[in-house]
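Next up: the same protein chain in two forms, each one alone, written as structure tokens (structure 1, then structure 2).
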Structure 1
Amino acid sequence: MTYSLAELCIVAGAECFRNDGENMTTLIGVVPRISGGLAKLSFAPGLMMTDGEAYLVSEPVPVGPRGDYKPKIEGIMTYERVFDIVARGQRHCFVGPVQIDRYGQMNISVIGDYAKPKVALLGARGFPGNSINNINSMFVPNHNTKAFVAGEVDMVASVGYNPARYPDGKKPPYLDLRRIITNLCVMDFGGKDNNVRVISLHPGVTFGEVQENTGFPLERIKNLGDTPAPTDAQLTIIRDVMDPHDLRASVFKDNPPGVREAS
């Protein structure tokens, strides 16, 4: 089957959860939601999901209008229990920050000077506690130097690999930043001193293009290759089970193909 860029990113996002075991997932946005569902239905049955409900569900809830679909409830997940899980570090958050810096520090709060910002956004929300205790992965739909900034993000809303920010000079013991999925590539924090590293390029993208659109130096793995294409089985789950209303088509302008066409 041919596939879209959104579907390529969804499959790459699902890999963030490989070997997670029995963790609760928090999935913010269309691509993270479908990615988590694909992972649970493909290779990570132990993932615990609420999909925005106050209940744990035994199967991922499709995105978009539900019609006659009824969530398969298998347990209660109250606000109190969520905080218990956050404190124990048994959660993997897949989120969409507005800015990321070389340390993996994320910003969803303000753009510009905090005292007089150009744009006021959501505030820090749960990012401080989530990032210090829980696994975090990130989806950034527009890979450019406004998103991947030089220096630090305008407002540090989450914990990253920046020793200058640690109150006692020691890295928080549960800090675990996994992967960043963008419209250009897949990255992780496996470089020297947790530097951001490119681990695959989407078909038709070069490392030079990724570096040009990033405000800080990147590392790359040896034998850097293309992001794996979705399998037919994965595309069936994405299209027929997780996203029957094709909400993923709105993630990127004009819903481009997964393999970039030659210009």
Structure 2
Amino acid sequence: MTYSLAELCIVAGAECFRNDGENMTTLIGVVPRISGGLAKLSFAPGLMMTDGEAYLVSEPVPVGPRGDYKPKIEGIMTYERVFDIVARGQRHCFVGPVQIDRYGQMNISVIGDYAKPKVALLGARGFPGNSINNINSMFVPNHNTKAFVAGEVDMVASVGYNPARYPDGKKPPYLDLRRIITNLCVMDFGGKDNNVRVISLHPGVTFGEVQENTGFPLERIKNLGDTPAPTDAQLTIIRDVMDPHDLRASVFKDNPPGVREAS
């Protein structure tokens, strides 16, 4: 089956959760939501997730209008309990930062000068606590140097592998950044001293193009290959179960195919 870039990213996103056991997922945005659902419905059945409000659900809730679908409640996850699970660390956040830097530090607070910012966004939200306590992965739909900045992000809301920011340069004990999924590639923090490293390229993308669109030097794994294509079974879950209204079609401009057409 042919597949879209969004579907490729969803499948790559699901891989973030492969060895997650019973972690609670926090999935922000369409691609992370479908990714987490796909993981739970295929190879990670132990994952815990919510209806986006306060209930834990035994099966992932499809994105978009629910029609007659009723979430299947298996428990409660109030925000206060979320804070408790953050502190204990049994959680994996899949989030969409506005800026990321070479250390994996993320920003969703403000762009520009802190006192009089050019753009005020949400505030730090739970990013400081999430990043220092539990696993984090990231989805970035526009891989460019505005998102992957040259210096540090404008407001470090989320911690990363930056020794200068810790007492005695000591990495905090539970910091665990996993993967970054973008419109161009999949990356992790497995380089030297946790440097960002490209682990697969979306079909038709070159390492040079990824590097050109990143504000800091990237490493690459040996035998760098293509991001694995979705299987038919995965596409069925994505299309028929998790996203029947095709919300994923609006993730990228013009909903491009997963295998880039030669220009």
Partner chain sequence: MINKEMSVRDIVDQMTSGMTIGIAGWGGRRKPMAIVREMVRRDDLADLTIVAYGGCDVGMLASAGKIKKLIFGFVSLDIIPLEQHFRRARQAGELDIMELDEGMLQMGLKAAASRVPFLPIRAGMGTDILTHNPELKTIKSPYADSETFVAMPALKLDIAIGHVNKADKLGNSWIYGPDPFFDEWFCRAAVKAYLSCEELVDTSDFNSPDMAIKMPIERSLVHGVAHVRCGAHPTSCAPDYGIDVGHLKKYSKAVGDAFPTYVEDFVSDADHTNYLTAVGGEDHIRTLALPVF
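Take the two forms, find the largest set of C-alpha atoms that superpose within 1.5 Å, and that set is the rigid core. Structure 1's sequence is the ruler for residue numbers, which start at 1. It should be emphasised that the depicted structure is a prediction, and the values quoted were computed from it without experimental measurement.
* Asked: 1 or 2: which is the form predicted on its own?
  -> Comparing the pair, one sees that structure 1 is the form predicted on its own and the remaining one is not.
* So, does residue 193 move by 2 Å or more at the CA between the two structures, with the core held fixed? -> False for residue 193: its C-alpha shift is below 2 Å.
* Does residue 169 move its CA by 2 angstroms or more between the two structures when the core is aligned? -> Yes, the C-alpha moves 2 Å or more.
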